[in-house]
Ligand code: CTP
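Read the single chain below, which is given as structure tokens and is the form predicted on its own.
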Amino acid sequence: MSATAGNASGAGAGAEVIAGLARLPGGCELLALATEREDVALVGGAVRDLLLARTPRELDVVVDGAAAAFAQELADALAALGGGAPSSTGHQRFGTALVVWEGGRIDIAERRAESYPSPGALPEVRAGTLEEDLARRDFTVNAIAVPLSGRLAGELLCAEHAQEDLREGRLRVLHEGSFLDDPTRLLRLARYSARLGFEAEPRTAELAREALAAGALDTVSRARIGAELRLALAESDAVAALGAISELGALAAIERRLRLDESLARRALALLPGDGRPDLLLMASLLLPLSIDPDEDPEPVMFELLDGLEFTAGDRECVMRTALVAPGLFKELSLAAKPSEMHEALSAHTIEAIALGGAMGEGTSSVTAEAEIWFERLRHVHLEITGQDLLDAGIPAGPQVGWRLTHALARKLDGELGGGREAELTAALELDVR
């Protein structure tokens, strides 16, 4: 691949990118620092999104060297503006650095070239030119750069076909062995397709099918697959991203029993309250076929899968509890006759499990409605009194303190108490525990 300057049809595109950059958080500070050097370029998805009149999620920058030092200079410049203090972290081994602050994120990397010692292996990296840096990227629409300084400042540099692929909404790999060198690009193909609304160029689609059929994903570590899967789960329309991964055949290649029910997933997300974790709910929904497999104990299978994909212990536990419990919660919701029974059925479970269980009640409107009632009203109902109030009233310490509080809460949930502490205390004290 050779990176070329934008042709006549792309005249002014580089200036358009720089003008857009100046309007973004951190953009002016980045441009000001770039004028003091000869090697700073905006690259990849940030350039792509600005050319598409989209707002980049973050800014990607390459420099000739000393990424960490440049990141610190940028963090200092942003700190001078006041507001949230930026943090700067660098990874000398990989020649990368990151600046994060309240307003955004800027990734900085030293220009590099890559080669792959074997299919699916991590690349061997060396210092490289801007052209070589573009050549290592996944798709033509991401192999784009605009130097912010030096003799080429404001030029649009890109891989062959990049501009036409942007115009036509196509995803094209840079070379025939792209998916074999780095099979995680298969997941990125699906993710970008869903996010951008682009289609795979015919030869690229053929190469993707061939790579999957050849077991390309088996040559890459599960940890790297997990990282890509979590990126898909974090997309603004994660269901669409997962749908694209499934349609490509990559979901089944990760684990043959993973299944996406798009309708179920969207119903569950609609039920999930704002303090829930959409990514964990969706991952649990993919595992539902495992949870109802009568021929295998699902828990160790789920654990092995999620552990291999390097989900954190807390996230792994939530995903597993949600997938294992949701089918039973659907049944319990359908049997709950009053609020206290709903509380007894649901209070010990994750909100992700309740949303997924409620969504499984399609065609049973009462189940979904009861899940909505739980989220909107009942889960926030609590007693004003505590166990200490019962002790002060003469109830001896022991299990009956908990029983009495549970009894009072049940009556409160069912609307049988007047408001206030006195009504709750009276209800707790009236329980006969002999």
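Just so it is clear, the structure is predicted and the values come from calculations on it, not from any experiment. Throughout, we count residues from 1 along the sequence that is shown.
The protein also exists as the form predicted together with cytidine-5'-triphosphate (CTP); that form is not presented, and the subsequent description refers to it.
Annotated contact segment (heavy atom within 4.5 Å of cytidine-5'-triphosphate (CTP) in the predicted complex): 43-51, selected among 385-393, 43-51, 402-410, 369-377. Between the options Arg267, Arg191, His343, Arg172, the residue in contact with cytidine-5'-triphosphate (CTP) in the predicted complex by a heavy atom within 4.5 angstroms is Arg191. Exactly one listed residue, out of Asn142, Thr204, Thr350, Gln163, brings a non-hydrogen atom to within 4.5 Å of cytidine-5'-triphosphate (CTP) in the predicted complex: Asn142.
Proximity of Arg111 to cytidine-5'-triphosphate (CTP) in the predicted complex falls outside the 4.5 Å heavy atom cutoff. When cytidine-5'-triphosphate (CTP) is considered in the predicted complex, Arg37 lies well away from it, no heavy atom lying within 4.5 Å.
Among residues of the shown chain, Asp64 is not one whose heavy atoms approach cytidine-5'-triphosphate (CTP) to within 4.5 Å in the predicted complex. Taking non-hydrogen atoms only, Arg230 never approaches cytidine-5'-triphosphate (CTP) to within 4.5 angstroms in the predicted complex. Annotation for 331-356: no interface residues with cytidine-5'-triphosphate (CTP) in the predicted complex [heavy atom within 4.5 Å].
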